[in-house]
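Let's start with one chain on its own, the form predicted alone, as structure tokens.
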């Protein structure tokens, strides 16, 4: 994909968040010559900031994007929101007043259930959603390891012409991170949610990598059960194509990422709050509204919340 706007003429990017995905995208934007600023919600992060170290297959690199607080007065023309799902709305509300007219806001989170409210928060700005399979984690603050190359789907929310996404994709670091514009991002969000419902919580409960769900034993049996139930719920909700494809799609993702730890497993191991309410929890709420049973997903939600309570309440 060719660049219509060179970094020197393109609007600056702001990246909201300081976790692994925020650092990966900020460093990749900086590497492409873009002006980029991180926005840290926690002032304590500023003391530890001395730029971003990015490790990848190509070696180690260091970049020094600016680091702002959300109280900064700098207008925002292009914003990438890289917080966890449960933080996205509060984080966005805290800087919404800084959005320039016709700003582009990109949400990059797992899960569903908060996007419509985000749409109301951004006012006249254009809202996009991105779904990424890039692998990244931080061994230390502002030190990110790009663990696996993936693809990022980008589209206008809830849907819009592909030309809108194509124009924005040209302002993202496509030389390092592959960006594919799509017409119906909401459909792709349902597709990713379906796979996440079958893998993430189970790996967190069993403390296992994704590939263990394909092996004989309790994880494998539970994986088959949650695939069956999730497909049935999706079919009842009108997502017929995704439902039909789910067992094969989830199996292929588990096989392809066999050695990976899901984001939810990483959260549990790091004793952080998980995104269960926006993945399996979201599916359960939709199933309940449709008066359709969702027993296995509810059990997974209870087990993850029990794990969280065990370490977050201390």
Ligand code: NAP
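Numbering follows the first chain given and starts at 1. These numbers were taken from a predicted model, which means no experiment stands behind them.
Although it is not shown, the form predicted together with the ligand is what the next lines describe.
- Site annotation in the predicted complex: the residue of 132, 239, 210, 78 reaching within 4.5 Å of the ligand with a heavy atom is 132.
- Site annotation in the predicted complex: the residue of 115, 98, 156, 84 reaching within 4.5 Å of the ligand with a heavy atom is 84.
- Shown alone, this chain has one stretch from 176 to 184, 214 to 222, 121 to 129, 104 to 112 that lies within 4.5 Å of the ligand in the predicted complex by heavy atoms: 104 to 112.
- In the predicted complex, the ligand lies farther than 4.5 Å from every heavy atom of residue 301.
- The shortest heavy atom separation between residue 297 and the ligand in the predicted complex exceeds 4.5 Å.
- Shown alone here, residue 293 lies farther than 4.5 Å from the ligand in the predicted complex, counting heavy atoms only.
- Looking at residue 136, you'd find a heavy atom of it within 4.5 angstroms of the ligand in the predicted complex.
- In the predicted complex, no residue of 222 to 258 lies within 4.5 Å of the ligand by any heavy atom.
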